[in-house]
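Have a look below at one chain only, the form predicted alone, in C-alpha cells format.
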C-alpha cells in the first residue's frame, strides 16, 4: 500500500497543512520542535492504534482550538481509499470511505505501517513491558480480533486484580475467583498462542536480516518466555490448560500480593545473539543491529500476511545509526513507500530519488 495524500487541521502545532508524497522516499526535514514527528505520528494513527509516543488523544488538539482533524488518501487492496479521524474535546469520530465507524480500530487490515523511532533502538535493554508492547502492537495490526482479545483480557485482569485486593479485607470473596480465572485463562491463552506464532514468523526474517547486517558473523534468535510454561507448537487448548493450572497454583501468592502474577501481561521474550542474551552481553552496536533486524522483519511479516508492503515511518532514526547500518536499512526498504524525518537531508545523504518537505514552525513547504 502507499499514501497519496495527507491533510491536517489543528493537529498539535500544525494549522491547516497538506502533504502530497511520492511512492518511494519522502524526506521531512527541519530543525527540532518544528512538527516533523507530528506528521509521522498522524500517519501512524491510521493503523488503528495509539500514538507511538504514548500521547493521549486530547494532546492532539492544537492549543486554543476545539478539535483536530487528520485525513489521508491511500491505495490499498487494489483501490483508492480515504480515512478521516476527528479528535474533539469529548469524542473521536472516524470515517472510512465515507462511512462513519465506531472507532479507529476499523482501519486495522486496511491501512498498514511500521514505525521506527529512536526509542525502539533501546528495545533490547528496556524492561519486559516495552517488548510486550512491541509484539502486541504488531499482532493488533494484523487483524482486529487480536486487538479485541487483548482489550477484553486487560479488562478481565483489572477486575481480577481488584477482587484480589478486596480479598485481603474480605477473605470470603476468594471463592468467586474461579469466575475470573476461567475467562482469564481463555483470553490469555489466545494472546500467548498468537504471540508464540508471531515470534516464530518474526524470527525467520529477523535471522536473515541480522546475518546480512553482521556479514554472517552473528546468529539472531528470539525466545518467548511464558509464565505458564507455554511452548512453540502448543495448541490453544494446551495453553489454556497450562495457564489455568498456573493461576490455580499461584492463587495464594496472588491473594497475598494483590495482583495476578502469571499470564501474558507478565511474559517476555529474549533476543539472543550467538547463543547469548543480547540484553546482558550485546554491545550497543549489536543491540541496534538486532532492533534493526526486528523492525525490518516486522515489515516483512506484515507484507507476507496482507500481500502488500506496509508504509515505513522512520522518525529521526538515521542519525542514531552509523553509516553501515544506515545503508543497510535504506537498501532493504527501497521497495516500500518511506517517510523519513531528519534535520538535514543532505547531511544524511538522502533523496537521490523522491521528494523533500521542509517543516518550519508548523508549516509544510
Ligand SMILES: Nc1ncnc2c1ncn2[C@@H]1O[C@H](COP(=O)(O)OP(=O)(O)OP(=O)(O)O)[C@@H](O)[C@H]1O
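Positions refer to the first chain, counted from 1. Everything numeric in this text was worked out from a predicted model, so none of it was measured.
Separately, the form predicted together with this ligand exists; it is not shown, and the next lines address it.
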Would you check whether this ligand, in the model of the complex, lies within 4.5 angstroms of a non-hydrogen atom from each of 35, 38 and 62?
yes
Residue within 4.5 Å of this ligand in the model of the complex by heavy atom, from 53, 332, 69, 325, is 53
Per-stretch contact check against this ligand in the model of the complex, the hit in 24-32, 332-340, 42-50, 305-313 (non-hydrogen atom, 4.5 angstroms)
24-32
Determine whether any heavy atom of residue 356 comes within 4.5 Å of a heavy atom of this ligand in the model of the complex, and answer yes or no.
no
Determine whether any heavy atom of residue 9 comes within 4.5 Å of a heavy atom of this ligand in the model of the complex, and answer yes or no.
no
Taking the shown form as reference, are the C-alpha positions of residue 317 and residue 212 brought closer or pushed farther apart in the model of the complex, with a change of 3 Å or more?
closer
Your call: residue 158 and residue 51 CA atoms, closer or farther in the model of the complex versus the shown structure, by 3 Å or more?
farther
